[in-house]
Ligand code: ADP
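Just the one chain here, laid out as C-alpha cells, in the form predicted alone.
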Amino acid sequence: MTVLFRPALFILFAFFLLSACKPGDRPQEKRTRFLMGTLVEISIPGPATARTEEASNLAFAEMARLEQMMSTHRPDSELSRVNDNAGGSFTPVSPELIEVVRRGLEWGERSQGALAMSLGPVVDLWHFDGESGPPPAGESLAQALTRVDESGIEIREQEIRLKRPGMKLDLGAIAKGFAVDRAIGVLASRGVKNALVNAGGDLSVLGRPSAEKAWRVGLQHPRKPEALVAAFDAEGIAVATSGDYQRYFLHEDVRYHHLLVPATGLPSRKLISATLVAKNAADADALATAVFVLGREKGLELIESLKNVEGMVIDASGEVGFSTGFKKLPGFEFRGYP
C-alpha cells in the first residue's frame, strides 16, 4: 500500500510557521502568489501604498521570470533546452542560470558530493511532484545513476553544455533560494527598507517589522505540523530548512522523501530535518540539502568550516545538534524535540 502526501500541503504548513512574525499592532501588507511549486509570501510592514504594491508585484514578477527560466516542468524554459540538448552543442542561457549552476557546483564540491546539479535523471524516477510510489526499481535507478555526472557539466561564458546524452540538470536544491534573494533585491531597489520574502520555508528578511522588534522566525516540528521546535529573531539573514516531511510518500510503512543521496539515488536516512542560517537564501537552500544528506556529524563539520553560517539538525534518532553559534542567534528559544 502506498500513501501519497502532496508537497503543497506540507509546504503550506511550513510556510505559515516559518513566517511567524509579530510586529505588534502595526498594520502589515501581505501578498501571496503560487510560484515555484509553493506559496510565496511577501510581507511589508505598514499600510499598503501604491509604491509597496508596485514593489511587491515586481518582486513576484522576478520570481516568475526565474521560474520560467529554471523550471524542468516547462518545456520552453532555458533549463529544459539545456537538458534537451544533452550530448550536443552548447546552449546559450541567461547570466542568472549560469550563476545558479556555478554556485550549485561549488556547494557540491565543498560538500564532497552531497549536492548534485546533475541528479535530474534520478529525480525523474521518483515523481515526487505528482502521484508517486512505489519507489523506482533497482535496475532503473542504477541506469539513471550512470547519467549523474557533475564533471559532465560544461560552462563557457554564457553557454552551458551537458557532455553526455541522457544527462539532466535539476536545480531544485538552490533555485528557490536564489529567487528569494532576487525578490529581496527588487524590493530594496524600489525603496522598500523592511520586508520578508518566504517561499515555502526558504526565506530572507530586509530590515525590521518595527523599530522595537526584529522578524521572528519559527522552525516547524518535523512530526507535529502545528508545533515549533525553535524560534529566533532574524535581521539581515536568510533561513532554509530541508526535511523528510516536506515532499514524500509512504510505501509499505516506509517513508520515501525527495532528499536523495547523489551516490545512491535513495532518500538520505541520517536526518529528518536540517535548518541553515546564512547571509543569502541561495546558499542556505543549497546547504540545507547538502547537510541533510551528509548527516549530523559531517553536516555540522561543514557548517563549522564556513563563515556567517549556522545550523540546527535533528537526526533519525531524534537527537538535536547545533552549530557553535546557532543558540547565540538573537532571541533564540528551543522548545524541545520530540
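Residue positions are given as counts along the sequence shown, with the first one as 1. Since the structure is predicted, the reported quantities are computational estimates derived from the model, not experimental observations.
Heads up, the form predicted together with the ligand isn't pictured, but that's what we're talking about next.
Colleague: Suppose contact means a heavy atom within 4.5 Å; in the predicted complex, does that hold for all of 59, 181 and 206 with the ligand?
Modeller: No, none of 59, 181 and 206 comes within 4.5 Å of the ligand in the predicted complex.
Colleague: Residues in which of 63 to 71, 281 to 289, 298 to 306, 48 to 56 have heavy atoms within 4.5 Å of the ligand in the predicted complex?
Modeller: Among the listed stretches, the partner-contacting one is 281 to 289.
Colleague: Could you tell me which one of 246, 91, 77, 83 places a heavy atom within 4.5 Å of the ligand in the predicted complex?
Modeller: Contact check passes for 246.
Colleague: Just one of 259, 230, 214, 144 has a heavy atom within 4.5 Å of the ligand in the predicted complex. Which one?
Modeller: Result of the distance check: 259.
Colleague: Indicate whether the ligand has at least one heavy atom within 4.5 Å of a heavy atom of residue 172 in the predicted complex.
Modeller: Contact check for residue 172: yes, within 4.5 Å of the ligand in the predicted complex.
Colleague: Given that the partner is absent here, does residue 187 sit within 4.5 Å of the ligand in the predicted complex, heavy atoms only?
Modeller: No, residue 187 sits far enough from the ligand in the predicted complex that none of its heavy atoms falls within 4.5 Å.
Colleague: Is residue 40 one of the residues lying within 4.5 Å of the ligand in the predicted complex, judged by heavy atom distances?
Modeller: Contact with the ligand, no.
Colleague: Report whether the minimum heavy atom distance between residue 220 and the ligand in the predicted complex is within 4.5 Å.
Modeller: Although the ligand is absent here, residue 220 would stay clear of it in the predicted complex, with no heavy atoms inside 4.5 Å.
Colleague: Any residue of 290 to 316 with a heavy atom within 4.5 Å of the ligand in the predicted complex counts; write them all down in order.
Modeller: If the 4.5 Å heavy-atom criterion is applied to the ligand in the predicted complex, 290 to 316 yields only 293.
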